[in-house]
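Have a look below at one chain only, the form predicted on its own, in C-alpha cells format.
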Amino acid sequence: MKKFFVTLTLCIVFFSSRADEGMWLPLLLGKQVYADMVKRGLKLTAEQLYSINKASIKDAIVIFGGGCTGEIVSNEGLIFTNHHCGYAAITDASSVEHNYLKDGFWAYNKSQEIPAKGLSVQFLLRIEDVTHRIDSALNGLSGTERAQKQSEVIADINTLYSDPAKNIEARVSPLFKNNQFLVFVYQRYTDIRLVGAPPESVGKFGGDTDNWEWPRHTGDFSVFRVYASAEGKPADYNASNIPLKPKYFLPVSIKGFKDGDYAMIFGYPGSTNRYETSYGIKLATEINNPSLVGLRDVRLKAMFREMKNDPAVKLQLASSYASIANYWKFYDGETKQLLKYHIYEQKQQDEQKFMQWAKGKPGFDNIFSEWPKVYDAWRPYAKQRVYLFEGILGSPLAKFASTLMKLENDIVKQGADALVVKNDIEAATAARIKFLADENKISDQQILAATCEMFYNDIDKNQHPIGFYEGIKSAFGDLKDPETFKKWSIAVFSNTLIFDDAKWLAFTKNPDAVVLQNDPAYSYAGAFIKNYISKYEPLYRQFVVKNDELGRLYLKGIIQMNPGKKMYPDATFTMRVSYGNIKSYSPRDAVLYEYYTTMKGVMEKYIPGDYEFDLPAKLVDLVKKKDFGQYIDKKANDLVVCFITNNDITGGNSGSPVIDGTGNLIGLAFDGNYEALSHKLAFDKNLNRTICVDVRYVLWCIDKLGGAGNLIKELKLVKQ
C-alpha cells in the first residue's frame, strides 16, 4: 500500500501546471492542478469529478463505439455524441428510400428507436496503478526481451481485472513512454439504439471546406440510447430490454456563457506524442505526412467523382470518405504548422540541454549517440511502408484480397487442418458479402490504378516486389504511361474471383492455393505484403523496439533532470479531463475571431443545392421567422451555433461534453482549429482552440427542426 501511494505521488508531480494545456487523469489531478481549476472557475469538488464510491461526472462519460466519446444526459440512458461519431450507424440504418443521412431521423417514442448493430458504449468503473507490478517483472530487461515481457505481463493483468460474464474489460495503459502503468476497468453495453440525427446538411454543414476551420457553423451531433436487461445489466439487443438507469447524467444548461467563462472537457483523447524527438518530427514532416496526404488525396478524388453524381453511391461511400478526408486535411495542416513554428529546431534545443545534463550519467549519456543511428537505419524504408498501407491497401479490393492470406497459408500447410480451412472459408465468405455491399467498383478501379502507379514512380525500385512491375509491362505496356496501369486495373477487376459468384463458389467448395495465388487481385496484394513482411517488417520492428526503449529512457531522464516539474502524460484513449476557458483569439495581424458563431453566419454561408453548404428548407424557414424559442442567446439576439475554448483535446475527444464550472453540459467538442494542428506533437498555448457545437443549437435542432419535444422532456434543463 505504501508503494502504491508513492507511485501516485510521483504521478502527481509529473503533471504540468499550465491551465489550458494537458489532458489530465481525473483520478490523479493533485492539489495544485485542482486548485488551478478552481481558480479558473470550477465550483465542484474533486470527488464530484471522479469517484469510485459515489456517483460522479466520470460515470456520465462513455467510450462511444471504437474511437469517440459520448455523454449520458438523462436518467433513461440518452446519449449525446457527434454526428460524425454516429455517422456509420446512421448510414447503416439508411436506405435510398429512407435516407436518414440525408433527411435526418427522429424517434418520437422509444419503439421507433433503431438498433445500431455492432455499436457499443463503455463505462469506466475504476482506475488502478499497476506500475510496481510491471516494473518488478521488467527489472533488468531491455530491448525486444523487455517489450515481449511487458506484453505478457500486461495481458495477465488485463485478464485478472476482467470479468467476461459481466462484460467487464480491463486494459492497461502505459504512460510517460512506459515509465508508468495504469489499468482501466470498463463495463461494455451492446444494446445501443439510434434516437435522433439532424440532416447531414446540418450535421456536416461546411463539409471538407470548413473541416478544421474557425469560424464554424456545423451542428455536429447525434443522439443514441443505451439499453440494458430488466436487471440493469449489459445485454445484447432484445425487444424486452429497458433504457439504462445511469449512475449519473449531466444536466443541460441553456443559460449561455461569455468570453472567459470556465470550460472543462471530459473524454477519451486518442493519442499524442508531445515528447517526440527532433528525429521523429523530421520523419513526419519530410516523409510520413506528405506521403499520406498525397495518397489520400488520390483516393478522395476518385470517390468524390462518383459520390457527387449518385445519392446511392454517396450513401454507400459516405462513412469511408469522411474517415479518409478527416485526417487527410489534419496531416497536411500538422506538417505546415510544425514547419511554420520551427518545432524541429525547438526539439533540438531541448535535446542539447538534456545532453549537457546527461554527461557522465550511466543509462542517459549515450541516448543521443544511439538515436540518430536508429532513425538512419529505418528512414530509407519509411516511405515504402506508408505507400503500402495508405496506397496499395488504400484500394478496398486490394485490402479485402489481403485478408485472404491466412486462408492461403492454412491451405498450403502440410497436413492442413480441414476444420481450420473450413472456418477460414466461412469467415472469408461472410467478409466478402460485406465487402461487396460497400464496394464501388468505378472509384476503386481508379484507386487501384493510381496507387499502384504512384508506388512504381515514388518508391526506390530496389524495394519493389520482384517481378511484379515487369509482369505489368509485358502484358499491358510502358510503365511510364498511366494508361498501362488503367488497362491493368480493368483486367484485375474483370478477372478476379472476388467479384465472380460462380468462381467464388467453386473455389470455396474446393479450396486450392494455386487458384488463389493466380487470382489477379490476390496476387497483387500478396506480392506487396509478402515483399514487406519478408524484407521490411523486421526492420520496422527493430526500429519500433529501439525507438521505444530510447524514448522511455529519455523521458525518465527528463523527469530526473527536472525534479518537481509537473508534466502530463500523452493521450492514450483513456479518460482525461482538460480545463480552460471559452476564449476568442487572434490568429494573425488585424484579425480577431469571436468566441461564438450564430445562425446569421449559417445563412451567410448557405448556398441552395450546394454539396457542402445547402440547408433543409424547414431550417431556413425557421431562421427567417427567428423561431428560436427558449434557446435564443439574448446577448446576440440570435441562436448561437458553435463556440471555441482553449481546452487541450485530440482525436477521440469527438463527442466529448463541454462542461461549465457547476457541472452542466454547455456543448459538444468536435474539432480543432487549423492554426494549431500541430497539437499531437506540440501544443500551441496561444492559438490552440477546441471547436464546440452549442448545446442550445443541439436542443433547437431536436425540438424545432426535428419536432422531437419528447427528448427535450427527458433532460434536466438548467435555465436562468
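Since this is a predicted model, take the numbers as computed values, not measurements. Residue numbers here begin at 1 and follow the sequence given.
Note that the form predicted in complex with arginine (ARG) isn't included here; everything after this is about it.
(message) Test of understanding: in the model of the complex, would Asn241 fall inside 4.5 Å of arginine (ARG) by heavy atoms?
(response) The answer is no: Asn241 has no heavy atom within 4.5 Å of arginine (ARG).
(request) Flag Phe64 as yes or no: does it have a non-hydrogen atom within 4.5 angstroms of any non-hydrogen atom of arginine (ARG) in the model of the complex? (result) No, Phe64 is distant from the partner.
(message) Quick check on Ser678: any heavy atom within 4.5 Å of arginine (ARG) in the model of the complex?
(response) Answer no; every heavy atom of Ser678 is more than 4.5 Å from arginine (ARG) in the model of the complex.
(message) If we define contact as a non-hydrogen atom of the residue within 4.5 angstroms of the partner, is Asp660 a contact of arginine (ARG) in the model of the complex?
(response) Output for Asp660 is no: heavy atoms all beyond 4.5 Å of arginine (ARG).
(request) Please state whether all three residues Gly77, Phe224 and Leu715 have a non-hydrogen atom within 4.5 angstroms of arginine (ARG) in the model of the complex. (result) Result no, not one residue of the spot touches arginine (ARG).
(request) Heavy atoms, 4.5 Å, arginine (ARG) in the model of the complex: which of 281-289, 637-645, 199-207, 463-471 makes the cut? Say which one. (result) Only one stretch qualifies here: 199-207.
(message) Between Thr91, Asn440, Asn211, Ser120, only one gets a heavy atom within 4.5 angstroms of arginine (ARG) in the model of the complex; which residue is that?
(response) Spelling it out, the residue with a heavy atom inside the cut-off is Asn211.
(request) With arginine (ARG) left out of view, choose which of Arg576, His84, His217, Arg299 has a non-hydrogen atom within 4.5 angstroms of it in the model of the complex. (result) So the residue touching arginine (ARG) in the model of the complex, by this definition, is His84.
(message) At 4.5 Å, heavy atom to heavy atom, what parts of 657-675 sit next to arginine (ARG) in the model of the complex? List them in sequence order, or say none.
(response) Contacts from 657-675: Phe670, Asp671.
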